[in-house]
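There is one chain below, alone, in structure tokens, taken in the form predicted alone.
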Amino acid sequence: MLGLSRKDTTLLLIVLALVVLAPFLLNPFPEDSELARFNAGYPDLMQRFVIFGIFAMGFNILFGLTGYLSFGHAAFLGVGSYAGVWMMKLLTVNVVPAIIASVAVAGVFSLLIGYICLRRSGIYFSILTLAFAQMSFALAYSVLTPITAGETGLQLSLNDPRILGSSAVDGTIPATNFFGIAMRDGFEWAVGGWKFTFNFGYYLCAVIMLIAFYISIRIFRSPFGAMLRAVKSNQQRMNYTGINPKPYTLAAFVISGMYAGLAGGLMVAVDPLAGADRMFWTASGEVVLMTILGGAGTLVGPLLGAGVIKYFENIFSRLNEADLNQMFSGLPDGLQSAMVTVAQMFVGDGWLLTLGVMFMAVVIFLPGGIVEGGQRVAGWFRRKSGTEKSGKAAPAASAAE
């Protein structure tokens, strides 16, 4: 289907089912349950799952296939965000032109940066990308304030000279929309003790993510993808055979940057605000963690890594001492106090400690990330099933003898 193998088609259909059913899957606990605090099926977080999934997916095309580790990919995310907001301020609050502009501007910017940075490889390449990202952050934060609005961030206003559509509707800034359908539109469905939220902005982002995922599959399975893997395995041998790897690595860098720009465009589509903090080095480090945690070089790994990190960031960081006392209320007083004291180090402001421990465990025990863990579990079940079948067949063979 769609030019994909049976295995890739199955994977695409699984991802499709997950994003369609996300409002149900991410709300496993009733609203009145003590565990409802762990539900993640609300629009803002679901949008972050798919948007950062696109960001990590694009980074994986560069890092996972070529082995080039960029510490400056957040620059393209930020540039895409600024381009999207400016398109909304000058042209229309329809998100389609904003998303197209985000991808195009990020593509041009990544072409310029990639042409310079790819003159070096290894740690020198990584340091160059980090330097360009930090320069971009400094420019956006303090130098180019007429364009970026500095530390306050660029956002829509009532004075925008918008060509298509009005600058104000009933005295307020018009909502971003997709051909008239507001991105914040949606409805809730209450079933028993559960409340499921269906948001149009999330599903638009999800459709775009599925298209980006399909393109990623085609890149991985194409001759171009094979050349990128050859760059990762032995670039020196490619040079000896007369193949110049630079055009391939530059193309991968630009494609990866365009994915980041797409993620930035979707961010401002659902929340029209672009700030310099999106270009800071920690944002670049975050996408590295997402890709490695999920499984660098795999198709679905970056999506899993992005989902895990954003879940911990938004759910665990909200837990406080009162929540922990309620969770451990069934324990004896002394044990409850000890458990709360220990758990406090891993939630709230300490959620990064949880992420750090989890990342260390993955790097040490599962170098292939969450995907490798899933493959090991599946292999264990297959071996167990095969052993049981052979064990059942043995007595029959003995009886026949």
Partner chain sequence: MGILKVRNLNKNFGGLKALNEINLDVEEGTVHAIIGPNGAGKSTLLNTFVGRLVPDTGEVNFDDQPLLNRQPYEINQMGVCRVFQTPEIFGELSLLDNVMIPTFAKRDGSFVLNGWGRMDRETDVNDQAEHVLEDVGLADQRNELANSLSRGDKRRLELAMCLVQAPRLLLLDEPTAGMSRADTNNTIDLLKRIGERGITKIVIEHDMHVVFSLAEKISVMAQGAVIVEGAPDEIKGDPKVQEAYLGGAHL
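Since this is a predicted model, take the numbers as computed values, not measurements. Numbering follows the first chain given and starts at 1.
In what follows, reference is made to the form predicted together with the partner chain, a form of this protein that is not presented.
Engineer: Name the residue from T282, N159, Q236, T172 that puts a heavy atom within 4.5 Å of the partner chain in the predicted bound form.
Structural biologist: Of the listed residues, the single hit is Q236.
Engineer: Please tell me which of P223, P146, G330, G192 lies within 4.5 Å of the partner chain in the predicted bound form, judged by heavy atoms.
Structural biologist: By the 4.5 Å heavy-atom cutoff, the listed residue in contact is P223.
Engineer: Any idea which of 286-294, 208-216, 313-321, 100-108 reaches within 4.5 Å of the partner chain in the predicted bound form, heavy atoms considered?
Structural biologist: Going by heavy atoms within 4.5 Å, the stretch is 208-216.
Engineer: Does at least one non-hydrogen atom of F198 fall within 4.5 angstroms of the partner chain in the predicted bound form?
Structural biologist: Contact with the partner chain, no.
Engineer: Test of understanding: in the predicted bound form, would G186 fall inside 4.5 Å of the partner chain by heavy atoms?
Structural biologist: No, G186 stays farther than 4.5 Å from the partner chain in the predicted bound form.
Engineer: Is it the case that G122, even though its partner is missing from this view, gets within 4.5 Å of the partner chain in the predicted bound form, heavy atoms only?
Structural biologist: G122 lies outside the contact set for the partner chain.
Engineer: Though only this chain appears here, would F132 touch the partner chain in the predicted bound form if you measure heavy atom gaps against 4.5 Å?
Structural biologist: Answer no; every heavy atom of F132 is more than 4.5 Å from the partner chain in the predicted bound form.
Engineer: Output the sequence-ordered list of residues from 240-265 with at least one heavy atom within 4.5 Å of the partner chain in the predicted bound form.
Structural biologist: Heavy-atom contacts within 4.5 Å come from Y240, T241, G242, I243, N244, P247, Y248, A251.
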